[in-house]
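Before any questions on binding or motion, here is one chain by itself as C-alpha coordinates, the form predicted on its own.
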(Lines give C-alpha, C1' and ligand atoms only; values in the text may rest on other atoms or scores of the structure.)
Protein backbone atom coordinates (compact mmCIF):
# COMPACT_ATOMS: atom_id res chain seq x y z
CA UNK A 1 0.00 0.00 0.00
CA UNK A 2 1.40 3.37 -1.05
CA UNK A 3 1.86 5.94 1.73
CA UNK A 4 -0.08 8.67 0.01
CA UNK A 5 -2.35 6.65 -2.21
CA UNK A 6 -2.74 6.86 -5.97
CA UNK A 7 -4.81 9.01 -8.26
CA UNK A 8 -8.21 7.77 -9.38
CA UNK A 9 -6.94 7.57 -12.95
CA UNK A 10 -3.95 5.45 -11.93
CA UNK A 11 -6.14 3.03 -9.99
CA UNK A 12 -8.58 2.77 -12.89
CA UNK A 13 -5.66 1.98 -15.18
CA UNK A 14 -4.53 -0.80 -12.85
CA UNK A 15 -8.04 -2.23 -12.75
CA UNK A 16 -8.29 -2.21 -16.54
CA UNK A 17 -4.95 -3.98 -16.76
CA UNK A 18 -6.12 -6.74 -14.41
CA UNK A 19 -9.48 -7.02 -16.14
CA UNK A 20 -7.68 -7.78 -19.40
CA UNK A 21 -5.93 -10.70 -17.70
CA UNK A 22 -9.29 -12.32 -16.87
CA UNK A 23 -10.96 -14.57 -19.42
CA UNK A 24 -14.19 -13.40 -21.02
CA UNK A 25 -17.11 -15.82 -21.12
CA UNK A 26 -17.30 -15.98 -24.91
CA UNK A 27 -15.09 -19.09 -25.16
CA UNK A 28 -15.84 -20.49 -21.71
CA UNK A 29 -17.86 -23.70 -21.98
CA UNK A 30 -16.99 -25.05 -18.53
CA UNK A 31 -18.76 -22.60 -16.20
CA UNK A 32 -22.24 -22.69 -14.71
CA UNK A 33 -22.06 -18.92 -14.26
CA UNK A 34 -22.57 -16.32 -16.95
CA UNK A 35 -22.86 -12.58 -17.53
CA UNK A 36 -25.59 -11.28 -15.22
CA UNK A 37 -28.58 -9.56 -16.77
CA UNK A 38 -28.15 -5.78 -17.09
CA UNK A 39 -31.09 -5.12 -14.76
CA UNK A 40 -29.39 -7.28 -12.11
CA UNK A 41 -26.16 -5.29 -12.50
CA UNK A 42 -28.11 -2.03 -12.12
CA UNK A 43 -29.84 -3.22 -8.94
CA UNK A 44 -26.64 -4.67 -7.49
CA UNK A 45 -24.84 -1.33 -7.85
CA UNK A 46 -27.75 0.54 -6.28
CA UNK A 47 -27.72 -1.58 -3.10
CA UNK A 48 -23.97 -2.12 -2.65
CA UNK A 49 -23.91 -0.78 0.91
CA UNK A 50 -26.94 -2.66 2.23
CA UNK A 51 -26.25 -5.41 4.77
CA UNK A 52 -28.91 -8.06 5.32
CA UNK A 53 -26.96 -9.26 8.33
CA UNK A 54 -28.41 -6.22 10.12
CA UNK A 55 -31.63 -6.05 8.17
CA UNK A 56 -33.47 -3.65 10.49
CA UNK A 57 -31.32 -0.90 8.99
CA UNK A 58 -32.35 -1.87 5.45
CA UNK A 59 -36.08 -2.71 5.53
CA UNK A 60 -36.53 -2.13 1.80
CA UNK A 61 -33.78 -4.61 0.97
CA UNK A 62 -35.21 -7.12 3.45
CA UNK A 63 -38.63 -6.81 1.85
CA UNK A 64 -37.06 -7.63 -1.54
CA UNK A 65 -35.38 -10.72 -0.06
CA UNK A 66 -38.71 -11.87 1.37
CA UNK A 67 -40.38 -11.43 -2.01
CA UNK A 68 -37.56 -13.34 -3.74
CA UNK A 69 -38.08 -16.23 -1.34
CA UNK A 70 -41.80 -16.26 -2.18
CA UNK A 71 -41.16 -16.06 -5.94
CA UNK A 72 -38.61 -18.88 -5.95
CA UNK A 73 -40.72 -20.86 -3.49
CA UNK A 74 -43.72 -20.59 -5.82
CA UNK A 75 -41.54 -21.67 -8.77
CA UNK A 76 -40.52 -24.76 -6.77
CA UNK A 77 -43.93 -25.74 -5.51
CA UNK A 78 -44.27 -23.87 -2.19
CA UNK A 79 -44.85 -20.13 -2.09
CA UNK A 80 -44.77 -20.08 1.72
CA UNK A 81 -41.36 -21.79 1.95
CA UNK A 82 -38.96 -20.35 4.55
CA UNK A 83 -35.42 -19.37 3.65
CA UNK A 84 -32.91 -16.72 2.74
CA UNK A 85 -30.52 -15.55 0.04
CA UNK A 86 -27.16 -17.26 0.59
CA UNK A 87 -23.76 -16.85 -1.06
CA UNK A 88 -24.38 -19.89 -3.26
CA UNK A 89 -24.81 -23.64 -3.35
CA UNK A 90 -22.01 -24.48 -0.94
CA UNK A 91 -23.44 -22.34 1.86
CA UNK A 92 -26.96 -23.56 1.14
CA UNK A 93 -25.82 -27.20 1.25
CA UNK A 94 -23.96 -26.69 4.53
CA UNK A 95 -26.94 -24.95 6.13
CA UNK A 96 -29.51 -27.50 5.01
CA UNK A 97 -27.54 -30.37 6.53
CA UNK A 98 -26.63 -28.29 9.59
CA UNK A 99 -30.33 -27.69 10.27
CA UNK A 100 -31.22 -31.37 10.41
CA UNK A 101 -28.02 -32.21 12.29
CA UNK A 102 -28.86 -29.62 14.96
CA UNK A 103 -32.38 -31.01 15.28
CA UNK A 104 -31.12 -34.57 15.67
CA UNK A 105 -28.56 -33.46 18.25
CA UNK A 106 -31.41 -32.10 20.37
CA UNK A 107 -33.03 -35.51 20.09
CA UNK A 108 -29.88 -37.09 21.51
CA UNK A 109 -28.32 -38.53 18.36
CA UNK A 110 -24.53 -38.14 18.20
CA UNK A 111 -23.09 -40.30 15.41
CA UNK A 112 -24.90 -39.30 12.23
CA UNK A 113 -24.65 -39.87 8.50
CA UNK A 114 -26.24 -38.59 5.33
CA UNK A 115 -26.41 -40.29 1.94
CA UNK A 116 -25.51 -38.47 -1.25
CA UNK A 117 -24.94 -39.76 -4.79
CA UNK A 118 -21.43 -40.29 -6.16
CA UNK A 119 -22.27 -37.39 -8.47
CA UNK A 120 -22.78 -34.95 -5.58
CA UNK A 121 -20.98 -31.61 -5.56
CA UNK A 122 -17.64 -31.48 -3.74
CA UNK A 123 -19.21 -29.20 -1.12
CA UNK A 124 -20.49 -32.36 0.60
CA UNK A 125 -16.89 -33.33 1.31
CA UNK A 126 -16.59 -29.98 3.10
CA UNK A 127 -19.79 -30.74 4.97
CA UNK A 128 -18.38 -34.02 6.29
CA UNK A 129 -15.42 -32.09 7.69
CA UNK A 130 -17.25 -29.02 8.99
CA UNK A 131 -20.25 -30.76 10.56
CA UNK A 132 -18.44 -33.92 11.72
CA UNK A 133 -20.94 -36.25 10.12
CA UNK A 134 -20.33 -39.19 7.81
CA UNK A 135 -21.20 -38.64 4.16
CA UNK A 136 -22.01 -41.94 2.46
CA UNK A 137 -22.00 -42.05 -1.34
CA UNK A 138 -24.61 -44.08 -3.19
CA UNK A 139 -23.75 -45.54 -6.55
CA UNK A 140 -25.27 -44.38 -9.84
CA UNK A 141 -27.39 -46.27 -12.35
CA UNK A 142 -26.69 -46.58 -16.08
CA UNK A 143 -28.15 -43.13 -16.69
CA UNK A 144 -25.84 -41.62 -14.04
CA UNK A 145 -28.72 -41.05 -11.64
CA UNK A 146 -28.65 -41.93 -7.94
CA UNK A 147 -29.40 -45.65 -7.55
CA UNK A 148 -32.31 -45.94 -5.08
CA UNK A 149 -31.38 -49.55 -4.26
CA UNK A 150 -27.92 -48.36 -3.23
CA UNK A 151 -29.54 -45.68 -1.06
CA UNK A 152 -31.69 -48.23 0.75
CA UNK A 153 -28.67 -50.43 1.44
CA UNK A 154 -26.78 -47.49 3.00
CA UNK A 155 -29.54 -46.34 5.37
CA UNK A 156 -29.13 -47.32 9.01
CA UNK A 157 -30.19 -46.06 12.46
CA UNK A 158 -27.69 -43.16 12.29
CA UNK A 159 -28.92 -41.89 8.91
CA UNK A 160 -30.54 -38.46 9.27
CA UNK A 161 -31.06 -37.52 5.63
CA UNK A 162 -30.65 -38.16 1.93
CA UNK A 163 -29.52 -35.70 -0.72
CA UNK A 164 -30.79 -35.88 -4.30
CA UNK A 165 -29.35 -33.74 -7.09
CA UNK A 166 -31.56 -31.95 -9.61
CA UNK A 167 -29.03 -31.02 -12.26
CA UNK A 168 -25.72 -32.71 -11.46
CA UNK A 169 -22.65 -30.54 -11.95
CA UNK A 170 -20.90 -32.92 -14.32
CA UNK A 171 -23.72 -34.43 -16.39
CA UNK A 172 -26.81 -32.29 -15.78
CA UNK A 173 -28.76 -35.36 -14.72
CA UNK A 174 -31.77 -35.38 -12.39
CA UNK A 175 -31.85 -37.95 -9.61
CA UNK A 176 -35.11 -39.92 -9.04
CA UNK A 177 -36.40 -37.47 -6.45
CA UNK A 178 -39.93 -38.94 -6.42
CA UNK A 179 -38.60 -42.40 -5.51
CA UNK A 180 -36.29 -40.87 -2.91
CA UNK A 181 -39.27 -39.01 -1.44
CA UNK A 182 -41.13 -42.29 -1.02
CA UNK A 183 -38.16 -43.86 0.78
CA UNK A 184 -37.87 -40.81 3.04
CA UNK A 185 -41.54 -40.84 3.95
CA UNK A 186 -41.37 -44.50 4.98
CA UNK A 187 -38.43 -43.83 7.29
CA UNK A 188 -39.16 -40.28 8.48
CA UNK A 189 -35.85 -38.89 7.19
CA UNK A 190 -34.85 -35.48 5.79
CA UNK A 191 -34.76 -35.16 1.99
CA UNK A 192 -32.69 -32.29 0.63
CA UNK A 193 -32.65 -31.47 -3.08
CA UNK A 194 -29.54 -29.77 -4.41
CA UNK A 195 -30.98 -27.88 -7.38
CA UNK A 196 -28.28 -25.21 -7.44
CA UNK A 197 -28.11 -25.45 -11.23
CA UNK A 198 -31.35 -27.19 -12.14
CA UNK A 199 -33.71 -25.06 -10.08
CA UNK A 200 -33.90 -22.38 -12.77
CA UNK A 201 -33.84 -24.90 -15.63
CA UNK A 202 -36.07 -27.88 -14.83
CA UNK A 203 -39.34 -25.91 -14.38
CA UNK A 204 -38.96 -24.62 -17.95
CA UNK A 205 -38.07 -27.84 -19.77
CA UNK A 206 -40.54 -29.42 -22.20
CA UNK A 207 -40.43 -32.68 -20.26
CA UNK A 208 -41.92 -32.59 -16.77
CA UNK A 209 -39.90 -33.75 -13.77
CA UNK A 210 -41.04 -34.16 -10.15
CA UNK A 211 -38.24 -32.79 -7.98
CA UNK A 212 -39.48 -29.99 -5.75
CA UNK A 213 -41.81 -29.20 -2.84
CA UNK A 214 -44.73 -30.71 -4.74
CA UNK A 215 -43.32 -33.99 -3.37
CA UNK A 216 -44.29 -34.44 0.26
CA UNK A 217 -40.92 -35.83 1.32
CA UNK A 218 -38.84 -32.85 0.15
CA UNK A 219 -37.80 -30.81 3.18
CA UNK A 220 -35.29 -28.37 1.68
CA UNK A 221 -34.05 -27.16 -1.71
CA UNK A 222 -31.07 -25.08 -2.76
CA UNK A 223 -31.05 -23.09 -6.00
CA UNK A 224 -28.57 -20.51 -7.30
CA UNK A 225 -29.93 -17.35 -8.95
CA UNK A 226 -26.36 -16.48 -10.00
CA UNK A 227 -26.40 -19.42 -12.41
CA UNK A 228 -29.38 -19.75 -14.77
CA UNK A 229 -31.32 -17.15 -12.77
CA UNK A 230 -29.17 -14.43 -14.41
CA UNK A 231 -28.39 -12.66 -11.13
CA UNK A 232 -25.07 -11.33 -9.88
CA UNK A 233 -22.49 -13.29 -7.88
CA UNK A 234 -22.92 -14.25 -5.05
CA UNK A 235 -26.60 -15.17 -5.03
CA UNK A 236 -27.76 -18.56 -3.81
CA UNK A 237 -31.06 -19.44 -2.19
CA UNK A 238 -31.92 -21.95 0.54
CA UNK A 239 -35.55 -22.91 1.05
CA UNK A 240 -37.14 -25.09 3.75
CA UNK A 241 -40.60 -26.61 3.69
CA UNK A 242 -41.17 -25.41 7.27
CA UNK A 243 -40.04 -22.38 9.25
CA UNK A 244 -38.99 -24.69 12.10
CA UNK A 245 -35.97 -25.92 10.11
CA UNK A 246 -34.75 -22.35 9.70
CA UNK A 247 -35.11 -21.90 13.46
CA UNK A 248 -32.59 -24.72 14.00
CA UNK A 249 -29.96 -22.36 12.55
CA UNK A 250 -30.81 -19.30 14.64
CA UNK A 251 -28.26 -17.65 16.93
CA UNK A 252 -28.89 -14.54 19.11
CA UNK A 253 -27.65 -11.19 17.78
CA UNK A 254 -27.96 -8.89 20.83
CA UNK A 255 -26.29 -5.77 19.40
CA UNK A 256 -28.00 -5.74 15.98
CA UNK A 257 -31.43 -4.53 14.91
CA UNK A 258 -32.69 -8.12 14.77
CA UNK A 259 -32.94 -10.59 17.66
CA UNK A 260 -31.38 -13.53 15.81
CA UNK A 261 -29.63 -14.59 12.63
CA UNK A 262 -30.09 -17.81 10.67
CA UNK A 263 -27.53 -17.34 7.89
CA UNK A 264 -24.04 -18.81 7.95
CA UNK A 265 -22.39 -15.51 7.12
CA UNK A 266 -22.84 -12.49 9.38
CA UNK A 267 -22.54 -9.54 7.04
CA UNK A 268 -24.68 -10.46 4.05
CA UNK A 269 -24.93 -8.68 0.71
CA UNK A 270 -28.22 -6.88 0.16
CA UNK A 271 -27.01 -6.14 -3.36
CA UNK A 272 -27.36 -9.81 -4.35
CA UNK A 273 -30.93 -9.91 -3.03
CA UNK A 274 -31.79 -6.71 -4.92
CA UNK A 275 -30.21 -8.03 -8.11
CA UNK A 276 -32.17 -11.27 -7.88
CA UNK A 277 -35.41 -9.43 -7.12
CA UNK A 278 -34.89 -7.12 -10.09
CA UNK A 279 -34.10 -9.81 -12.63
CA UNK A 280 -36.96 -12.09 -11.56
CA UNK A 281 -39.44 -9.20 -11.69
CA UNK A 282 -38.09 -8.10 -15.07
CA UNK A 283 -37.94 -11.48 -16.79
CA UNK A 284 -40.86 -13.24 -15.15
CA UNK A 285 -41.49 -16.90 -15.89
CA UNK A 286 -41.83 -16.29 -19.62
CA UNK A 287 -38.45 -14.57 -19.80
CA UNK A 288 -36.73 -17.35 -17.88
CA UNK A 289 -38.44 -19.93 -20.10
CA UNK A 290 -37.12 -18.19 -23.24
CA UNK A 291 -33.57 -18.24 -21.86
CA UNK A 292 -33.76 -21.93 -20.99
CA UNK A 293 -35.38 -22.69 -24.35
CA UNK A 294 -32.54 -21.02 -26.24
CA UNK A 295 -29.89 -22.82 -24.19
CA UNK A 296 -31.60 -26.13 -24.90
CA UNK A 297 -31.85 -25.35 -28.62
CA UNK A 298 -28.12 -24.71 -28.73
CA UNK A 299 -27.49 -27.85 -26.69
CA UNK A 300 -29.32 -29.89 -29.32
CA UNK A 301 -27.30 -28.24 -32.10
CA UNK A 302 -24.08 -29.08 -30.28
CA UNK A 303 -25.01 -32.72 -29.71
CA UNK A 304 -26.24 -33.17 -33.29
CA UNK A 305 -23.05 -31.59 -34.68
CA UNK A 306 -20.86 -33.73 -32.44
CA UNK A 307 -22.63 -36.89 -33.60
CA UNK A 308 -22.01 -35.90 -37.22
CA UNK A 309 -18.26 -35.96 -36.60
CA UNK A 310 -18.47 -39.28 -34.76
CA UNK A 311 -18.62 -38.06 -31.14
CA UNK A 312 -21.54 -39.19 -29.01
CA UNK A 313 -22.71 -37.92 -25.61
CA UNK A 314 -22.30 -40.09 -22.53
CA UNK A 315 -26.04 -39.63 -21.95
CA UNK A 316 -28.59 -37.72 -23.98
CA UNK A 317 -28.61 -34.29 -22.27
CA UNK A 318 -31.46 -33.68 -19.86
CA UNK A 319 -30.60 -30.00 -19.58
CA UNK A 320 -27.94 -27.66 -20.98
CA UNK A 321 -24.97 -29.75 -19.82
CA UNK A 322 -23.23 -32.06 -22.30
CA UNK A 323 -20.61 -34.75 -21.70
CA UNK A 324 -18.93 -35.92 -24.90
CA UNK A 325 -17.47 -39.41 -24.96
CA UNK A 326 -13.84 -39.99 -25.99
CA UNK A 327 -11.40 -42.82 -25.39
CA UNK A 328 -10.01 -42.11 -21.91
CA UNK A 329 -6.50 -41.65 -23.30
CA UNK A 330 -7.80 -38.97 -25.69
CA UNK A 331 -9.70 -36.74 -23.25
CA UNK A 332 -6.57 -35.02 -21.97
CA UNK A 333 -5.17 -34.41 -25.45
CA UNK A 334 -8.43 -32.96 -26.74
CA UNK A 335 -8.80 -30.72 -23.67
CA UNK A 336 -5.23 -29.40 -24.03
CA UNK A 337 -5.67 -28.79 -27.75
CA UNK A 338 -8.88 -26.86 -27.15
CA UNK A 339 -7.11 -24.84 -24.48
CA UNK A 340 -4.41 -23.90 -26.95
CA UNK A 341 -7.18 -22.49 -29.13
CA UNK A 342 -8.50 -20.48 -26.15
CA UNK A 343 -11.51 -22.71 -25.43
CA UNK A 344 -12.16 -23.49 -21.78
CA UNK A 345 -13.81 -26.86 -21.18
CA UNK A 346 -13.64 -29.31 -18.29
CA UNK A 347 -13.43 -33.06 -17.73
CA UNK A 348 -15.84 -35.25 -15.77
CA UNK A 349 -14.61 -37.77 -13.19
CA UNK A 350 -16.44 -41.03 -13.92
CA UNK A 351 -16.87 -41.81 -16.70
CA UNK A 352 -14.20 -39.44 -17.96
CA UNK A 353 -15.61 -37.21 -20.68
CA UNK A 354 -15.40 -33.72 -22.14
CA UNK A 355 -17.86 -31.54 -20.19
CA UNK A 356 -19.59 -28.53 -21.77
CA UNK A 357 -22.17 -26.18 -20.25
CA UNK A 358 -24.27 -24.18 -22.69
CA UNK A 359 -24.98 -20.98 -20.77
CA UNK A 360 -26.78 -17.82 -21.98
CA UNK A 361 -23.46 -16.23 -23.08
CA UNK A 362 -23.11 -18.95 -25.75
CA UNK A 363 -24.64 -18.27 -29.17
CA UNK A 364 -25.12 -20.38 -32.30
CA UNK A 365 -22.05 -18.96 -34.03
CA UNK A 366 -19.93 -20.01 -31.05
CA UNK A 367 -21.34 -23.55 -31.18
CA UNK A 368 -20.53 -23.94 -34.88
CA UNK A 369 -17.03 -22.51 -34.43
CA UNK A 370 -16.40 -24.86 -31.51
CA UNK A 371 -17.58 -27.88 -33.53
CA UNK A 372 -15.30 -26.91 -36.45
CA UNK A 373 -12.28 -26.67 -34.19
CA UNK A 374 -13.21 -29.83 -32.30
CA UNK A 375 -13.43 -31.77 -35.56
CA UNK A 376 -10.05 -30.40 -36.61
CA UNK A 377 -8.50 -31.47 -33.29
CA UNK A 378 -10.11 -34.91 -33.22
CA UNK A 379 -8.85 -35.87 -36.65
CA UNK A 380 -5.32 -34.54 -36.28
CA UNK A 381 -3.02 -37.54 -36.82
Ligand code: 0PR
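Numbering follows the first chain given and starts at 1. Just so we're clear, the structure is a prediction, and the values are computed from it rather than from any experiment.
The same protein has a further form, the form predicted in complex with the ligand, not shown here; the description that follows concerns it.
Is the ligand in the model of the complex close enough to 145, 175 and 356 that every residue in that trio has a heavy atom within 4.5 angstroms of it? No: no residue has a heavy atom within 4.5 Å of the partner.
In the model of the complex, the residue from 150, 181, 169, 261 that sits within 4.5 Å of the ligand by heavy atoms: Here the answer is residue option 169.
Residue among 78, 219, 121, 101 with a heavy atom within 4.5 Å of the ligand in the model of the complex: Contact check passes for 121.
So which of 161 to 169, 248 to 256, 127 to 135, 288 to 296 is the stretch with heavy atoms within 4.5 Å of the ligand in the model of the complex? Result for this chain: 161 to 169.
My question is simply whether residue 66 lines the interface with the ligand in the model of the complex - judged by any non-hydrogen atom within 4.5 Å. Residue 66 lies outside the contact set for the ligand.
Within a 4.5 Å heavy atom cut-off, is residue 93 in contact with the ligand in the model of the complex? Output for residue 93 is yes: heavy atoms within 4.5 Å of the ligand.
With a cut-off of 4.5 Å between heavy atoms, is residue 312 one of the residues that contacts the ligand in the model of the complex? Heavy-atom contact with the ligand at 4.5 Å: absent for residue 312.
Can residue 89 be called a contact residue for the ligand in the model of the complex at 4.5 Å between heavy atoms? Residue 89: yes, in contact with the ligand in the model of the complex.
Is any part of 225 to 245 within 4.5 angstroms of the ligand in the model of the complex by a non-hydrogen atom, and which residues would that be? 226, 227, in sequence order.
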